[in-house]
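A single chain comes next, written as structure tokens; it is the form predicted on its own.
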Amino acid sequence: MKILVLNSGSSSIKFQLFNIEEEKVLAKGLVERIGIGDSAIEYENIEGKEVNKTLDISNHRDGIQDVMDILLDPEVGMLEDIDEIYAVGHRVVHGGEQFAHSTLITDEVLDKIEDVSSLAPLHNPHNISGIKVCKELLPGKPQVGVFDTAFHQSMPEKAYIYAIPYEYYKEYEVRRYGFHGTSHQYVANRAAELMGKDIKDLKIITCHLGNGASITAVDKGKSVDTSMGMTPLEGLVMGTRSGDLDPAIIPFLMEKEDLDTEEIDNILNKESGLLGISGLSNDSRDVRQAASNGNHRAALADQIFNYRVRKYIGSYMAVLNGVDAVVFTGGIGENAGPVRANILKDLNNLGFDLDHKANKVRGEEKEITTDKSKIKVFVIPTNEELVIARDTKRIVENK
């Protein structure tokens, strides 16, 4: 049984083709710079054959058609016929309150996804575009939406309601939603498996650290709080996002700099975070390198990033009334041992004892605490695509 997983972004499409019975990735790739010029497709199959070529890709329909073409290519493709695709699973960023679980996509469901697009105007329209194109190119094939926000729909009201007039929640659904839910769900469950315990008996803090970053408190397998809010802007310092800040800063800067709402939104989402503090880069690797060369602003950006993560870990230990395990995932979380060490520094009194040799791991599953550590810490590479493929199989088989 072959399942195609798609993540349609504003100018890119990530894809993986699974043999889901064996949970093997048969092929994967990336279509990028859609509608920009110098569009390209990167592709690799399970046999190690690769393709990298420039194409004229003006829209998502062309991009997904190119994905189909390369999967059918007699030299490098992994399909003999397009009908071998059993179903398509889509990453959808925002499901609002309507979707607490992955869902079979019908016309009614698609309408509801479009209804909540105002909550994620930079993401949902492109996710929807991918769904509509697949409906055209793969008529009759079932499609499933897997929502970044769904895992966090288990949060209690006290965690997701903002302290503003309640009618804004009732009228406009202004509340905390959280994101990266598929990743948090996967690594929390994987940590329980590595510990040989039922996740319903565990309290876990999951740290998805990359250019976008968030932390989630997981109690008995359910998200009970998470750092991102109504949008992905809230919470940790990120590559270009500010994370938490005093809301009064916004009108203050708008007045001082004569900014409109679009300009201040752009500053907070695209010019802040590591980039804004360091003045150099949104890439954590570049910032750490500059810091090691004596750049004060880069060092400050690195310190603030680590400090904010540490604060959230501490606060979520309070939310959970203790913790059994902490998990690091995402591009930074999986690969940057020095970042993990700095985050956990001086937390010995809370029950952490880092194994510095084990912490040198990059991109592999590993426990990085010593045997005497009261709290286990794991590095677990995330696998959102596998979650999407699994959910797609389960939902389609049970429809």
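Given the structure is predicted, the values throughout are model-derived calculations rather than measurements. Heads up: residue numbers just count along the shown sequence, starting at 1.
This protein has a second form, the form predicted together with a small molecule, left out of what is shown; the following refers to that one.
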Can you say which of 170-178, 275-283, 143-151, 111-119 gets within 4.5 Å of the small molecule in the model of the complex, counting heavy atoms only?
275-283
Answer yes if any heavy atom of residue 288 is within 4.5 Å of a heavy atom of the small molecule in the model of the complex; otherwise answer no.
yes
Does residue 210 reach the small molecule in the model of the complex if we count a contact as any heavy atom within 4.5 Å?
yes
Give a yes/no on whether residue 336 approaches the small molecule to within 4.5 Å in the model of the complex, heavy atoms considered.
yes
Taking the shortest heavy atom distance, is residue 27 within 4.5 Å of the small molecule in the model of the complex?
no
Could you work out which of 33, 374, 53, 362 is the residue within 4.5 angstroms of the small molecule in the model of the complex, going by heavy atoms?
362
Considering 343, 67, 332, 368, which brings a non-hydrogen atom within 4.5 Å of the small molecule in the model of the complex?
332
